[in-house]
Ligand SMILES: Cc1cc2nc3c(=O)[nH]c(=O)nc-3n(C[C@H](O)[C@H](O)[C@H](O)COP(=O)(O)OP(=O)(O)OC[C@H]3O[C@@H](n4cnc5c(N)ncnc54)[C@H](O)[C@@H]3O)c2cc1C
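Quick setup: one chain, the form predicted alone, written in structure tokens, and binding and motion questions come after.
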Amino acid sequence: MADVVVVGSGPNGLAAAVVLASAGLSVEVYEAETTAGGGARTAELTLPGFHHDVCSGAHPMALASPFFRAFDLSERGVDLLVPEVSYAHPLDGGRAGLAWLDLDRTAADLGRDGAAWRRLFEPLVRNWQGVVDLTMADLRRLPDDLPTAVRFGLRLAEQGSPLWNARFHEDIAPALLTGVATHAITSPRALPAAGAGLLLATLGHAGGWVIPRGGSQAIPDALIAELEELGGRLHVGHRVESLDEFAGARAVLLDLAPQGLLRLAAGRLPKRYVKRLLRFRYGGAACKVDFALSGPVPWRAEGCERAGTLHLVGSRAEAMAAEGAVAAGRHAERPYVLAIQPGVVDPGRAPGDSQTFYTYAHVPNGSDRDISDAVIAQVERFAPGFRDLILAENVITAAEMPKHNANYVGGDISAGAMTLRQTAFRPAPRWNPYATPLPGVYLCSSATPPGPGVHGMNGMHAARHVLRDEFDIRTEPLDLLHNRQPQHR
């Protein structure tokens, strides 16, 4: 039996595995699906030759997270493509907010609100590493860059309060920011959503929302190649039924939602901890609709054709109404739709002049409704003629999401509601949120701090605790990664 077993091969599980293997430990990873990668997989979901990302499509953290900065995806053969426009937010009347990679160009396009946008983001963009290190921490220690933490905190307090419109005078800039905050699938004015919006918008100007050439699968593939080069092993198509399978391992890390831990622990956990896990809330969900298109989306607003990601919901008020409906357990008539058009930078995702087009819409948890008609109507609203380009579509309802990834309980792709309490105390209130009451058993999924996203930080933080507490290895994970030189460029 290996020193360490990791259950689940999402980015966090693989990040933990690479860190631990870099420390000289023997590591084995077990994955229930036949393809590794979790939320960062790529497959032909519509027609042959059309390569769609199964969940994550654009990756603001691929260049920015401390784990990936140390691991260096580019040095390991991943071609990270950067759209000119990180994200766009079309509005009615052929208008749109465009978050250019260039902050000054973005501000220039926002007219009367341009100066306010620059004042909001310029200090964060200038110190983006401090912003990332703050928001990607385990939330159990003081930040290294206190001035940046204060600047971020002040902006967070503003955007997470009734003051969120105070600095803006028109409707495009606030809508542009709200579209990013709504990634959290909760009220965009909630503090966790506001924090996510500020972080992601900062990265939109400080490196971009990159799209890996060929698909998101390139990220887990690079991690797997590194793991195997370090002597680790990956087992796919192996659904783990009990922790008893790994009785000889010194540590077991679970890249699973709390529900998965309860299943594998089979009554071993203390009742008090079980009660805490049962109180863990899963949040709003996603219905994913992928399209094979005969050509590019005919956006009405100029500049949207250059964006890798688009937020389709309309005004800030409309986003609030749509998310309010989902929170109340209803389907919004005009849902929030996140769209990614990888062909902007990666035309090889589809044959000839055709295009892949990725969307997901926010729906209530557990929804079994196919809302592709509402998604198409929302795209048509901002791109008349879109419907005529559709060659094929593939729908995964929220209720079907767990069949593709068991961590997406009820279709919650965040692996837990993004409430203020659950942002700080995922999955239960503990000083070490990664350790469980079972000796040597740890959680490393998005249900732990710092939360969802393809950044590997949950796995890295969990691996740090495993190294220190189970193997008495004090070397920092980032130092282990920095010391490891890529061998396959």
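From a predicted model like this one, the values you see are computed outputs, not experimental measurements. Start at 1 and count along the sequence shown; that's the residue number.
A second form of this protein, the form predicted together with the named molecule, is not displayed here; the remarks below concern that form.
In short, of 416-424, 66-74, 448-456, 43-51 it is 448-456 that has heavy atoms within 4.5 Å of the named molecule in the model of the complex. Taking non-hydrogen atoms only, A218 never approaches the named molecule to within 4.5 angstroms in the model of the complex. Shown alone here, D255 lies within 4.5 Å of the named molecule in the model of the complex, counting heavy atoms only.
Contact between E31 and the named molecule in the model of the complex is found at the 4.5 Å heavy atom cutoff. When contacts are judged by a 4.5 Å heavy atom cut-off, A406 counts as touching the named molecule in the model of the complex. The contact with the named molecule in the model of the complex, taken as any heavy atom within 4.5 Å, belongs to Y358 out of Y358, Y282, W100, W117. Checking R349, H205, H311, K288 for any heavy atom within 4.5 Å of the named molecule in the model of the complex turns up a single hit: K288. Although the named molecule is not shown here, in the model of the complex the stretch 47-81 places heavy atoms of V54, C55, S56, G57, A58, H59 within 4.5 Å of it, in sequence order.
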